Ligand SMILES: Cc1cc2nc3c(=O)[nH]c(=O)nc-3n(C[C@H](O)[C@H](O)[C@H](O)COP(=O)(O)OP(=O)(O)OC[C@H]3O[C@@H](n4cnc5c(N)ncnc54)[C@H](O)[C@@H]3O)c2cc1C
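Quick heads-up: it's one chain on its own, the form predicted on its own, in C-alpha cells.
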Amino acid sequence: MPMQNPGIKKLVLLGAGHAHVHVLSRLAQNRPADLDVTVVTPYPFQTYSGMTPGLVAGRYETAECQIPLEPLVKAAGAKWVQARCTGLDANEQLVRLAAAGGAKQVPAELPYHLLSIDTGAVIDRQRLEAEMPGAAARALIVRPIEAFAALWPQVLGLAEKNPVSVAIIGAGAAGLELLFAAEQRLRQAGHASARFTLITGGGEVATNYPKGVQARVRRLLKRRNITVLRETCVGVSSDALLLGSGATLACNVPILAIGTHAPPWLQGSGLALSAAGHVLVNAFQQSTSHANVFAAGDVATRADSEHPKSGVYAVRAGPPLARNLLAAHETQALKAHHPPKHTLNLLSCGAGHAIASYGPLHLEGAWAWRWKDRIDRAFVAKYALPAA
C-alpha cells in the first residue's frame, strides 16, 4: 500500500498499554507537525491493572480504574482505530487489523514509517486449550483485564444464588492479589460457605519474591483459611478442575492467572523474537532486527538485560519510549533505558492490607495498602483527561 503525503511520517501506536498512555501524554504536549499518529486498540479505555484487585474487593468503582483513551488521543492530535491486530509485516511496514467493539470502516491494513508495540499481556487461547483443555471456554481469564473486569460482577451474582468454590490457577502476584481480593469481597458480603483454593502450578507461592515475602504470603493464606495445592491444573470441566496428579477439585469459579503469552500474530512478522515469542529489543526499546519498530511492556523482551514482565517496569518504560520515538522521527540519537535492578513492589492482600518489598527488604500492614492506593490513584489521575 503506497504511503500518502511523502512529507508526513506515520507513527502507529499498536496497543494502549502503560507505556503508550505516557507516549500519548507526551505527544499532547508537543507533537511534531509532520508526524501523523494512529492508535490501534480494541477498547475505549485502559483498565489499570494495578487497581483491578481493589475493584474485585469492592474498594473501587469500575470508572475509578479506567483511563479514557479518547480525550488522550484527541489531545495528542492522533486518530483512534478500534481494532485488534491480526498480523504484522515488518518488512513491508504493514499492520493487519480486524474491527473490534462494533467499529465500522476499519482498514484491513495500516502502513507505517514508525511502529511502537505495547499491546500488554495476552493469553493465546488456542495454545491454552492445547495445554489445559476446557480452560479457554470455562475459566474466567484475567487477561485481557478489560474483559475480566466486565465479567467479575457475574461471579458476585452467582454467589448470591449458590455456594461458590473459587480456585485461582496461578500463584504469582496477579493470582495472589485477585485471590485475596475475591476472598475479602465474598466473605464481607456474608458468603460464609464460599471456599477458596490456590493452585500454584506445582511450585511455591510467590516464587518471584524473596523468601521472607513468601513466608508472609503463606501466613496470610493460612490465616484466611485458603487451601493451597502445589499441583498443576491440566483441564477444566463445568464443575471441576483436573489436576496433574489425577485428582479432581470441585470448582464452579475457576480464575486463570497463569503467566501470559506472546501475541500469536508476532509469529511470521519478520521481527526478531525471543525464545518465548516476544519482540526482542535493545537498550533503546528498539527491535534488534528493524530499527523503525519499538516495543515496551509485556510484549517485549530486552536482549541485553531481561527484567520481569510487570506493571512496574511497563510504567517506567513510558518516558524513555516517548523520547526515543520522537528522536527516531527526527533522526536524532537515541538514549538507552536502564531499568533499575530493584523496584518497589506493593502486593495487595485485599483492600486495607499489603506487603511492601524492595530487594531483600519487606514489611506489611495497612500503611502499605494506603501507599499503594495513593500511587495507583495518582497514575490514573495523571492520564485521565476530562472528555471534551
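Note that residue numbering begins at 1 and tracks the sequence as displayed. Being a predicted model, the structure only gives us computed values, none of them experimental.
There is another form of this protein, the form predicted in complex with the ligand, and it is not shown here; the text below is about that form.
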Would you say all of 40, 85 and 297 touch the ligand in the predicted bound form, counting a heavy atom within 4.5 Å as a touch? yes
With a 4.5 Å heavy atom cut-off to the ligand in the predicted bound form, the contacting stretch among 329 to 337, 353 to 361, 49 to 57, 28 to 36 is 49 to 57
Exactly one of 253, 142, 206, 110 comes within 4.5 Å of the ligand in the predicted bound form through a heavy atom, and that residue is 142
In the predicted bound form, the residue from 72, 95, 174, 229 with a non-hydrogen atom within 4.5 Å of the ligand is 174
Is residue 284 a contact residue for the ligand in the predicted bound form, using a 4.5 Å heavy atom cut-off?
-> no
With the cut-off set at 4.5 Å between non-hydrogen atoms, does residue 22 touch the ligand in the predicted bound form?
no
Item to complete: Decide whether residue 106 counts as a contact residue for the ligand in the predicted bound form under a heavy atom distance cut-off of 4.5 Å.
Response: no
query = For residue 120, is any heavy atom within 4.5 Å of the ligand in the predicted bound form, or not?
reply = yes
When the ligand is considered in the predicted bound form, the residues of 354 to 382 having a heavy atom within 4.5 Å of it are 372
